[in-house]
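Given next, in structure tokens, is a single chain: the form predicted alone.
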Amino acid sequence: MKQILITVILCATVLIALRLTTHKPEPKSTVIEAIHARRSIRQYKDIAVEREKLEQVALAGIAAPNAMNRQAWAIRIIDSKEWIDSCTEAFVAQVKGTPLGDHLLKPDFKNMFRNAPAVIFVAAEPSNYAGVDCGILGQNMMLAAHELGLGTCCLGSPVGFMNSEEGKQFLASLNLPEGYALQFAIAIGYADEQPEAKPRDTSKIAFVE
């Protein structure tokens, strides 16, 4: 009886080992799949984003290629509700009654970053390559966020506000390197919508013979 029990245990152990070695993990999405699946998100759940994920997104950003590897960029991450609310209050006072305010200040408006719980600011040392370098960096971050189950939206209007008299205190709080200028902001959080893809004009692509 004892010998039979030992044999059964050995057989079970071998079967489990075989199952573990032959099990293949679910394949992750490819870069191309992620590019086509990602959407700009303008509605977010009221859930804080883990700082570990925000750090992963930022690290993916600075892995981007850049001119002469100067890395003349700066990333500032804000996940403080107090900071976002205070900045939003000043922004609303500035744009209320203007076309921009009419566009943004809707009944579901919570903050100037599309109601996202966090925002990433991207700045750069002015140069002929700043726009290209930061554009690649930004796309890296938005694709990384998608891979981590987060939504993003690239924003331009916060830059104009931050460079205004009303926004200068918030710009100063980012503690950017001297001479650096904001390029754009990225709203980031857990998506509360699933927008459809918009058509792309494939005629913009052409081979030159």
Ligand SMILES: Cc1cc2nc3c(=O)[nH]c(=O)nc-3n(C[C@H](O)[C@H](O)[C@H](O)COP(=O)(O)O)c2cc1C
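Small disclaimer: the values here were computed from a predicted structure and weren't measured. Note that residue numbering begins at 1 and tracks the sequence as displayed.
Omitted here: the form predicted together with this ligand. The next part is about that form.
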Each of Ser86, Ala90 and Ser164 near this ligand in the model of the complex, meaning some heavy atom within 4.5 Å? no
Of Gly156, Pro65, Pro177, Gly149, which one comes within 4.5 Å of this ligand in the model of the complex, counting heavy atoms only? Gly156
Among Arg70, Arg39, Lys45, Lys168, just one has a heavy atom within 4.5 Å of this ligand in the model of the complex, namely Arg39
Given a 4.5 Å distance limit between heavy atoms, list every residue of 114-140 close to this ligand in the model of the complex, or none if there are none. Arg114
